[in-house]
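One chain comes next, on its own, written out as structure tokens in the form predicted on its own.
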Amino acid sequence: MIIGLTEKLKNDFGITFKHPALLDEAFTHASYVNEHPRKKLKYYERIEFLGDAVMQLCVSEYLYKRYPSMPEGKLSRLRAAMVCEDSFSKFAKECNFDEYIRLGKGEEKANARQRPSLLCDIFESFIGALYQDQGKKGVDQFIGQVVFPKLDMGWFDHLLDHKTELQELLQKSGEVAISYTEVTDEGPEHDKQYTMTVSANGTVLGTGQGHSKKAAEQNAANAALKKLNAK
């Protein structure tokens, strides 16, 4: 078993594997297997294949439910940004998964541990292992801690424009006066937390928070969209 990994998963994410051998497979590179032929080890590529499909499903389902009025094209672009090498490698690094990869000596010398493509693969293989061990519910709980909060942190804001989406929805039947109002700004200058409301013809439809006024406005618009689409 990879020393320290099971303890980290338990402490950081509340995850306890029933079948720890899945973790060994998920974090083992082919170069390590080739250097230890007598151990009859498995490496991550097959389990990575499964993890990739599971992530596609879980992220698709989450976005479909979170953005009920978002058209298919935007959903696809947002999913593509979340389920890609750049994002997965960052998630893996944030979880310190790079510290637990079992590499052959040559790959270690080549600093493969920091290679974005490998970090991406390892993140997907971990998801595959988690899915096999604890099912989709276990995966949803983990990525609910690691992946989905990035939407609220603004990682993918360049793909989202809730304000325009809200405006288009409200003005389908004619002109509507839409306004955003600052309610509070709290915290130190370097870490302000703003609260904004969005109103239509004087009626407050949603409230949002963010570390900038623009982010708070977008979150307020998103809250309004959820409210309107729930009717």
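All residue numbers are counted from 1 along the displayed sequence. Only a predicted model underlies this, so the values are computations on that prediction, with no experimental measurement involved.
Same protein, other form: the form predicted together with a further copy of the same chain, not shown, and the subject of what follows.
Though the partner is left out of this view, Arg102 does not reach within 4.5 Å of a further copy of the same chain in the model of the complex, counting heavy atoms only.
In the model of the complex, at least one heavy atom of Glu25 sits within 4.5 Å of a further copy of the same chain. Contact check for Tyr131: a non-hydrogen atom falls within 4.5 Å of a further copy of the same chain in the model of the complex. The shortest heavy atom separation between Val146 and a further copy of the same chain in the model of the complex exceeds 4.5 Å. Contact annotation for the candidate site: Gln193, His211 and Leu225 all lie away from a further copy of the same chain in the model of the complex (no heavy atom within 4.5 Å). Interface residue among Ala30, Val176, Leu169, Ala53, judged by heavy atoms within 4.5 Å of a further copy of the same chain in the model of the complex: Ala53. Only one segment in the set 148-156, 103-111, 71-79, 90-98 has residues whose heavy atoms sit within 4.5 Å of a further copy of the same chain in the model of the complex; it is 71-79. Contacts between 38-52 and a further copy of the same chain, taken as any heavy atom within 4.5 Å in the model of the complex, involve Tyr43, Glu45, Arg46, Ile47, Phe49, Leu50, Asp52.
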